[in-house]
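Heads up, what comes next is one protein chain in two forms, each shown on its own as structure tokens, labelled structure 1 and structure 2.
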Structure 1
């Protein structure tokens, strides 16, 4: 059969470019509380719909409802709120420090704070996490000191990574927070490997990992899902769909014809698609998946639908490729405002407390920043000694590196 019309290449486009009016009508948003919560033992093929919907607990008025409501007490909710706000305060300060030329680079997670924070709280602190560069909320929620993080951002003398890594590529063994990779997606199958080891050793710790929706196109995403499925690995694989990969709208990553959660179905894995700006929904979905992993039922894929409210990084200028109005029209709101609204509705919070906390946190961050700067900044030093550059390439320094260190003359 010959085609009537000649072949055409379809190249997906975002709904709006600079100067155009953004419209998020394509994002189908079911009412909060309307999605069923299956038992964790439910066979994946009996819950495929969860890959195409959006699990939501908090409605537009800040009320929580439905089977996914984790029913957290106000204390826990306030802790979550505080951690999200701390994350944002930290981001703003570090962003400014970069703009002031104190360091080379920074990446904010503005608008995505519920993800790292709620998920850290839903996991066990002993679980191992393999995050991306936009999960500072996770590290903060695990209680890793901001001073350590700032020392890394400033590449100063107290930077545990010895000034070797670009800002934000944290690593902390104590916080069970894996070294963040510059090469996208590599860490996802590594997380699966870690969790395989945990299963081999009959441990009770699971692994969790995160990947941006843009990065799901890498082969390592497929390797992670394949291995997770084949060996029924105790791992939670999260896809953070913040709509963008630098300038590239998620449709170019495959978000036009399907959801990212749905990738899981082909491997026989269950998928949950979640309102990523709804702290309660994120918490509940993560808990569901963690329970599933921990009880040997198997891995889960979670797509967290959110919006990258700021630039990709300090090297990026979104006004070049997306409508300036877009962030304001994002229909799932801001995670901090939504949780704060919920607490207020419960009578457990107020605008005034919110404002006070924000300013307290900013002062706290600023004080820590001053301390961090006292140990040095990238721009003005001091840094680790140049000779340290030759350490840790290998456990023992071989002759050729010793010779090169001498050649450097330090």
Structure 2
């Protein structure tokens, strides 16, 4: 039987090409405070709608409302704001350092700071986190020293990773921050496995992991959800939907036909879709999922809807694939400005305090950068001795490596 018409493929289109006026009308934004907050023991099939809506707490005037409002005190809110601003100041300094040739590569998280910072504050510091890149806010919120992060970016003599990782692929056992991998999606099954081990040992720590929306097309994502669902693993699985997987708009990964949160439903998992630029909503949803995991109810998938305001990395030119007007037209705004506005509405902040803090943080980061550069940069050195390539690889160095090291005269 011959088809009546020739077959065609559907190729999803971005909202605007370079030079066009962006239109985010496809993003349905419910009123702040309008989404119900179910009990943490609610069966997933009774809260399917949460995978398709958007949990919001802060409205356009900076007021907090609705059942997801975590009602954080002003001091906690100021700490969150300061940490987001510190993260942005750190990003700006490291971006400049890359442009000056002091490191080879950098990735900013501009516009996504609420995710790393609010989620770190909602989790326990003892919980294990398995991040993807652009989550430097997790480390900063946990108090990991900026000097350690900069040393790793510069691959200098104080780099704890001895120059073996790309810049921004941080790792810290002390901060319970699993080493970031350039191979995307691998951390989800690793987090599930770690959380399974925690449960087997009857520990009280949970795990959390992050993935970009583009990486949900990888098999590792689905493997992780299968194990998490079958064994009711105490883990929080986050999808950071910042609209772009490098230069590919999120519809190419399946965001046109459904939400990324909805992918959890086929595995019998609860899913929350959250305004990722709303600090309060991110905090509340993460705490809800963490409480669910801690009480042995099971895992949760969270889609955090945000926007990558900067380039994918210092190797990327977004003007080639998206409109220059897009960042300014993103309807969910900027997370720092929104939390600042909320604090001001409460009478706990002002433009003067905002400007003063921004200046103080920039000076603080600059001073730390100067110290880090005193230990060397990628461009000028000094670096670790070549002989260190033999260290920290095997528990007991095999004979052939000992011989090679001796031949090097080290």
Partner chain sequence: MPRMNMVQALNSAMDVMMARDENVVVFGEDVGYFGGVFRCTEGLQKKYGRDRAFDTPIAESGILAAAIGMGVYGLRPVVEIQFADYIYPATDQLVSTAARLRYRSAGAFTAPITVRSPCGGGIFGGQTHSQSPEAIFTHVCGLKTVIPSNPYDAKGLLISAIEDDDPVIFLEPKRIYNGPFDGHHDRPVIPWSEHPASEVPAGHYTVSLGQAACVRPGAEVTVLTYGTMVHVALAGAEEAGVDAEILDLRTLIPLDIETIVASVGKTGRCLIVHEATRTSGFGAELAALVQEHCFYALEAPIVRITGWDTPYPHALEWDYFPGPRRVAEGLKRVMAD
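The model shown is predicted, which means the values in this text are computed figures rather than measured ones. Numbering follows the first chain given and starts at 1. Under this definition, the rigid core comprises the largest set of C-alpha atoms superposing within 1.5 Å between the forms.
- The form predicted alone appears here as structure 2.
- Core-superposed comparison between structures 1 and 2: the CA of residue 17 stays below a 2 Å shift.
- Once the two forms are overlaid on the core, residue 402 shows a Cα shift of 3.0 Å between structures 1 and 2.
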